[in-house]
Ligand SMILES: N[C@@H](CCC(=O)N[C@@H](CS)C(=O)NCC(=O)O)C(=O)O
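We begin with a single chain expressed as structure tokens, specifically the form predicted alone.
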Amino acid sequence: MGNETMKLWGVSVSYFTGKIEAYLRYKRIPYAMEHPFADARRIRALAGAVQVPLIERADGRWMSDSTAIIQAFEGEFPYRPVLPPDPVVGFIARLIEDYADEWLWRAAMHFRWSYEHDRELLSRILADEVTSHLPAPRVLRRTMMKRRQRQSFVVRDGVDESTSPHVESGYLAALDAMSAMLAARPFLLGTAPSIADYGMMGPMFRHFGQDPTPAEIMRSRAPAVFEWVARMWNAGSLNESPAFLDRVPEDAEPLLRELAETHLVQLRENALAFARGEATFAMTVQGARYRRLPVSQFRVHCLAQLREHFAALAPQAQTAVRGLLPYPGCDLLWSEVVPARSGYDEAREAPYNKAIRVFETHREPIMARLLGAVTRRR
């Protein structure tokens, strides 16, 4: 594409927009960001869904899903690769990214929309950035935004008085696990950022690292993570060649245990419910009972992708991965203990396929639909 400057449709405080921006900056891929919501009808027709981020190429192609975008760009822009060449390290990096994308999302949205100070600040930003094209008073747009975001991405995602302590403990566990890894290296799996780092950048940058309540927790509890966020944003200035570890370090064990006990449980129960044709499901995670969670077709696709990556490993590498994941339920990644047929992207066109909403079962009130789709993917 030569010197193409890509159009990044995104939001300045978005989880996945921040993830992709950090990646593009590191790879030195030029982009210009625009906000999609005033042009929602055209974007929905061309891209499939109004979500952030989306990338519009100069040749008219549209890209969606941050993971698929990164994988495609790794082939197109080989400079500064983010996929570790060691197959075991590479698989674990992808697994960490999936955990960051699909599990830490719940805690990030909870902190943003459950705490008053955070909610008030972010509603101001999003009302101006996302809904300024609507002919409604700013105070009404802010009220609609707060109600829509909290109802759709906190209440409907299983966060209530009984589960919120567990949701918050998951953030603390991630901070502690990352701190252990960053004590030995500037990035999670080497001296350059991998796809694992970009996965964790999603929640840690624009949500946990910037929203007032979780940012204060990060600064006081995990200053190494706070420093890593800035290092990731400025990684484009690195001059040395990327150097990844040739084995998964022992200090990754707390993070692997945490994702096995949380994210993999969610992937399992979501896939089972999807196979049964259900709209919601329940799960017990580390003793916390979540009820009536929305079934996600996309998360079934995520599980299928992880299984494909595992199946592509040589037998020796598969054995090594099993040894790193001895926890109950990890066989989900290498056996058909639950079905993982999502029906999404069967033509293997991603990231150039039509985007879908992650929670297609959500039915939003009329007032929320007037705001457009401030969706979480990607």
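On a predicted model such as this, the values are computed, not experimentally measured, just so you know. So that there is no doubt, residue numbering starts at 1 and follows the sequence shown.
One more form of this protein, predicted together with the named molecule, exists but is not displayed; see below.
Contact annotation: of the candidates Asn353, Thr67, Gln318, Ser342, the single residue with a non-hydrogen atom within 4.5 angstroms of the named molecule in the model of the complex is Thr67. Looking at the named molecule in the model of the complex, residues Gln51, Trp105 and Arg357 each place a heavy atom within 4.5 Å of it. Stretch 43-51 is the contacting one of 43-51, 334-342, 25-33, 310-318, since its residues have non-hydrogen atoms within 4.5 Å of the named molecule in the model of the complex. In the model of the complex, Phe298 approaches the named molecule with a heavy atom inside 4.5 Å.
Using a 4.5 angstroms threshold between heavy atoms, Arg148 counts as touching the named molecule in the model of the complex. The named molecule in the model of the complex is not approached by Phe281, whose heavy atoms all lie more than 4.5 angstroms from it. Contact annotation for Phe153: at least one heavy atom lies within 4.5 Å of the named molecule in the model of the complex.
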